[in-house]
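Just the one chain here, laid out as structure tokens, in the form predicted on its own.
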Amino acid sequence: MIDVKKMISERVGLGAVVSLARKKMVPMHRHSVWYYMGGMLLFLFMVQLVTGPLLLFFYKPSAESAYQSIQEIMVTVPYGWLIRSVHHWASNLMIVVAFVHFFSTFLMKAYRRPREVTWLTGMALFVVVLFLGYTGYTLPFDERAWFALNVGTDMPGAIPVVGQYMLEFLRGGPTVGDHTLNRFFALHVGILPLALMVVLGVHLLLVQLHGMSVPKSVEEESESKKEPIPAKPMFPHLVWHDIINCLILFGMLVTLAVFMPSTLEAPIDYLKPAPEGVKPDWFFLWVYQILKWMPTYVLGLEGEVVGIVGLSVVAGFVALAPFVDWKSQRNQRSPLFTVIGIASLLVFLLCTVIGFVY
């Protein structure tokens, strides 16, 4: 009788991988639940890699045919509505998990030495995931996508000096049109997924090299008790938990896709003014709300410009947290950055909720 397991192991080195996973230990403490966010992100990205190409078989990336091709996917292609809905909800859940992963790692100071580069690659992944979501919901080229493209490309256009060049680069000209859709299509299906896979590979490699970060409070408790931090092998403990989490996620995806399928807005009317209360998708609502609160002028400068520059500076500060949080780098408690993390989380949640309601 053929031993399939042995045959596969001999050809792909499965035994060596399992042996390595058994030796790799995962710290077990009250914050261990946050370790599962990475595996959930990877699973949702894999769902995107499966459903995305299936949609590409029928999608036509041109201003004249994009809307009609989405209609055909939703109505005439067998299970097209389900595939598109799963793709839509996987994108939204991936962004939700990315936000959770970002805030949890920031509050746990996971960027401490020697994980500075791991943090930087994680920040790059976070930004790419956000822009994958944004470029994705512009591809139907319906009324919602049209205004999203105009508003979204106007924002970098407000940046001093380079703004106009960025605006024309993103739009492929002075106005939103066929070239804009082609560029966002190229970003969504080619450039951003490739960038995500490359950075993700580096990120996973660094996580394996340095292991899971342990919060300072857990380290101090372990030192005070003079006991090592409990740990379990990656395989089977963490792997089985990841499998269970992915099954739950898949069930959520299918349920949401069936009961809340993705929709298609009205076709573009180029003579129609922007409808009152038009807003970006939920993951950029916090930015929209902050810019909405900005006064028309601040110290003689346009309020929108000040808001965009200010948010960019804050984002840069957070990205450089490993290099400016000196206490964490010296393996000391860093209450200031804990306050910054909690304040950022509250601002994000508050502005997002207000953006939904008003």
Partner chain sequence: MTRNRLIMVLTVAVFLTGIVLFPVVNGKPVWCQEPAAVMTLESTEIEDEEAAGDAVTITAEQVEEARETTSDRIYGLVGLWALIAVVIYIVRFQVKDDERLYRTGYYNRDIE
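Positions refer to the first chain, counted from 1. Keep in mind the model is a prediction, meaning the values are calculated, not measured.
This protein has a second form, the form predicted in complex with the partner chain, left out of what is shown; the following refers to that one.
The stretch in contact with the partner chain in the predicted complex, judged by heavy atoms within 4.5 Å, is 253-261, chosen from 147-155, 191-199, 133-141, 253-261. For the chain shown alone, residue 114 is not a contact residue for the partner chain in the predicted complex, no non-hydrogen atom being within 4.5 angstroms. Using a 4.5 Å cutoff between non-hydrogen atoms, residue 76 counts as a contact of the partner chain in the predicted complex. Proximity of residue 59 to the partner chain in the predicted complex falls outside the 4.5 Å heavy atom cutoff. In the predicted complex, the partner chain sits beyond 4.5 Å of every heavy atom of residue 174. Residue-level contacts in the predicted complex: of 232, 279, 216, 183, one residue has a heavy atom within 4.5 Å of the partner chain, and it is 232. Shown without its partner, this chain lists 81, 288, 169, 103 as candidates; in the predicted complex, only 81 has a non-hydrogen atom within 4.5 angstroms of the partner chain.
Residues 25, 27, 28, 43 are the ones in 25-63 with at least one heavy atom within 4.5 Å of the partner chain in the predicted complex, listed in sequence order.
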